[in-house]
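Next up: just one chain, as structure tokens, the form predicted on its own.
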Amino acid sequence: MNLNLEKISDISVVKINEERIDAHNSGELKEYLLQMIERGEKHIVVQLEHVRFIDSSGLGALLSGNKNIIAKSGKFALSNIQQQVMSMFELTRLNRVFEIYTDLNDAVKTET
């Protein structure tokens, strides 16, 4: 999976450079997020601007990251979600679970 990590202050921004998050690559994303949390990351923003499709396993990987960081009193947010992907979050009502921002600047301002 093509992921980039950028630090903005104490926030780790994970940029997903894939068009799909599905059963073929969601395990890698889940493991990547868990490793970050185990290393002590407390604030993670996942940037989804390139993602055009997400299935239940992709949603599960993001939920796992969210759940694990909250358990360590951290914050987890999503940004730059394409409309077709946002539809999946709305359909599954996960838009009520995640902190979702229209762009990275808003996410970073809120998380700091």
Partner chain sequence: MCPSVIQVDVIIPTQTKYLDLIGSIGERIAKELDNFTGDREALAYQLNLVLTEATVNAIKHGNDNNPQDTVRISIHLFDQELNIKVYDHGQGFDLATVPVPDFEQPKESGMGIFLIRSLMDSVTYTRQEDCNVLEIIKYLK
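Numbering follows the first chain given and starts at 1. What you are looking at is a predicted structure, and each value in this text was computed from that prediction instead of being measured.
From this point on, the text means the form predicted together with the partner chain, which you will not see here.
The partner chain in the predicted bound form comes within 4.5 Å of a heavy atom belonging to residue 60. Shown alone here, residue 15 lies farther than 4.5 Å from the partner chain in the predicted bound form, counting heavy atoms only.
Remark: residue 84 counts among the residues lining the partner chain in the predicted bound form, judged by a heavy atom distance of 4.5 Å or less. For residue 50, no non-hydrogen atom is located within 4.5 Å of the partner chain in the predicted bound form, even though that partner is not displayed.
Residues 20, 22, 23, 24, 30 are the members of 6-36 with a non-hydrogen atom no more than 4.5 angstroms from the partner chain in the predicted bound form.
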